[in-house]
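Just one chain follows, in the form predicted alone, and it is written as structure tokens.
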Amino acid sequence: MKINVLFSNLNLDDLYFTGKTCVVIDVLRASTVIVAALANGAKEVIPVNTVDFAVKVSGDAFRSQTILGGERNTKKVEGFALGNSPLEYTQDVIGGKSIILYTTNGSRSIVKAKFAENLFIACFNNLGAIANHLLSLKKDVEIICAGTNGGFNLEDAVCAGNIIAQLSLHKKEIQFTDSAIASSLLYKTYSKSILKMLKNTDHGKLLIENGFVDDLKECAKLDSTDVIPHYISGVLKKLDLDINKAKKTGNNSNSLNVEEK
């Protein structure tokens, strides 16, 4: 296995990810929202890279079974039912529903990596499950930090470093690129208090200014769930770790196929 970290995917073509195993991280807050939604019973999350496409997909689907969620620059998009706070995605609100999600950085990064052979979503909440699954696959991995507006941000790099720290326990079998090593060093620097780190990031400060301090507390929780969002046929669902069962039941056959062209 070889592990690489991309601090930005702005200058990469979509085809770069073809056939690769990828993990997308957007700690504040898209990947945390996706994990929370699936953990709380959402049928699926459909990431999109424009607001217009989100509205189009919503119009094409059964409205009573779909919810529009997302943000622009931390604020809920006008006309959307939910914003980008993981605390909004409770079982009462989203249980059994399809979530159409647009965010400034996270959902767009997921769509960009849509040609990956394996595409998973990670945040601090599900790091242990992600690391264990990657080890079981024994494939090279691209960890994609969504960043902020195409640039580097600290929280995604530290989260990537946490995954690498867990994988490095098996370092005899794994190679790490320079960016992966850098992420690991960042994690070691900030590992004593993830919440404190989040509060001191540029985006964390902006969220606090806009009244989302409780979101930071939620995003900072380590290994609070074993849910792994898995992207296939344009949607994110909980990964069924029993591959044979997944094949027999065809668990994606009822998904909305809305992958953007």
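Computed from a predicted model, the values in this text were never measured in an experiment. All residue numbers are counted from 1 along the displayed sequence.
Just so it is clear, the following notes concern the form predicted together with a small molecule, a form of the same protein that is not shown.
Stretch 103 to 111 is the contacting one of 157 to 165, 103 to 111, 128 to 136, 176 to 184, since its residues have non-hydrogen atoms within 4.5 Å of the small molecule in the predicted complex.
Of the heavy atoms in residue 98, none are within 4.5 Å of the small molecule in the predicted complex. In the predicted complex, at least one heavy atom of residue 71 sits within 4.5 Å of the small molecule. The small molecule in the predicted complex is approached by residue 30, whose closest heavy atom lies within 4.5 angstroms of it. In the predicted complex, the small molecule stays beyond 4.5 Å of every heavy atom belonging to residue 230.
In summary, among the residues 207, 39, 220, 57, the only one with a non-hydrogen atom within 4.5 Å of the small molecule in the predicted complex is 207.
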